[in-house]
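One chain comes next, on its own, written as structure tokens: the form predicted on its own.
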């Protein structure tokens, strides 16, 4: 059969993390590839307690019936309180949309704003699945230079003028893949310059609650005076990725358009997931669980940093993030981490090659390492294996 696929499929391949995860069926493989929360941090007891109550206290019809696309009012009210922790105040109910994970927020924003050939500006590098989503809408993706403080504002403004983008996408806190956090001044500048040119911003915030050190910073959305910033956050990293729960906060007109787009995708986010998260927040379970999780993640991140310093070649440098789930690093040597990824699998260890995080795809010396889903012992062993492999490769090219 000769399948006549749509034009948009011509540029699409499976996301690198998902393709690698298919290979990890052997338990001996140590994976630094995904962004999985630690199993110990998943609140199984509390979620089971809430789910049992929801299904046994006369609320089964509420769970099993269709729901509104916008989401349960009771949950949205909880989420309005929740986003205050990101500095977002005075949110009204019609400025909220419950979404099936943060990734759906990226897709709905693309569906609402992008036509074929439209430009999206992204931090260079950025979240690889966002790039895949933008590609699926046949957008032109342009990278914006960045430094340790966030986006290069001069480069951002120049590219806004040159390309007239539909929106800018950024992960402003513990950025995926770099782990960087934009400074308060940088966030304020992004809000100002995008408002000046009437450009939308999609701020993606899955990681900000996973802070191990330093002080929390307010979201870009908190500096939004023109209604041009849509803030998306999810509960995948702080509660459960399996619940597929998140929220989009924005101007009510924009949220209405995103709601219409969502109606054609999944009608509504799972009622059971919504009610579990609503009760979880209402009972005050979230932040105690986060506080319990942070020492686990801090220990694993420190173990990875120690192992990198012990085993990786001198040519490797990295960013030591204050939170999140990833270490981003690169080699000052002519090696290709994309072609070496299958070799690492042969050594029973997996990472994500940095090339997939760049819209241009021409950076081949970077890697992203996840520390959240492996024990301290396996982190040490896995980095040891990678260090030996990379040292051997560097010796070949010297």
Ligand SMILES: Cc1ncc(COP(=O)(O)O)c(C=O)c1O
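Positions refer to the first chain, counted from 1. On a predicted model such as this, the values are computed, not experimentally measured, just so you know.
Keep in mind that the form predicted together with the named molecule is missing from the display, and what follows is about it.
- Only one of 206, 165, 179, 250 lies close to the named molecule in the model of the complex, with a heavy atom inside 4.5 Å, and it is 206.
- This chain is displayed alone, yet in the model of the complex one of 269, 234, 96, 110 has a heavy atom within 4.5 Å of the named molecule; that residue is 234.
- Although the partner is absent here, residue 143 lies well away from the named molecule in the model of the complex, with no heavy atom inside 4.5 Å.
- The named molecule is not drawn, but in the model of the complex it has a heavy atom within 4.5 Å of residue 169.
- The named molecule in the model of the complex is approached by residue 103, whose closest heavy atom lies within 4.5 angstroms of it.
- In the model of the complex, the named molecule lies within 4.5 Å of some heavy atom of residue 127.
- Residues of just one listed stretch (286 to 294, 273 to 281, 234 to 242, 253 to 261) have heavy atoms within 4.5 Å of the named molecule in the model of the complex: 234 to 242.
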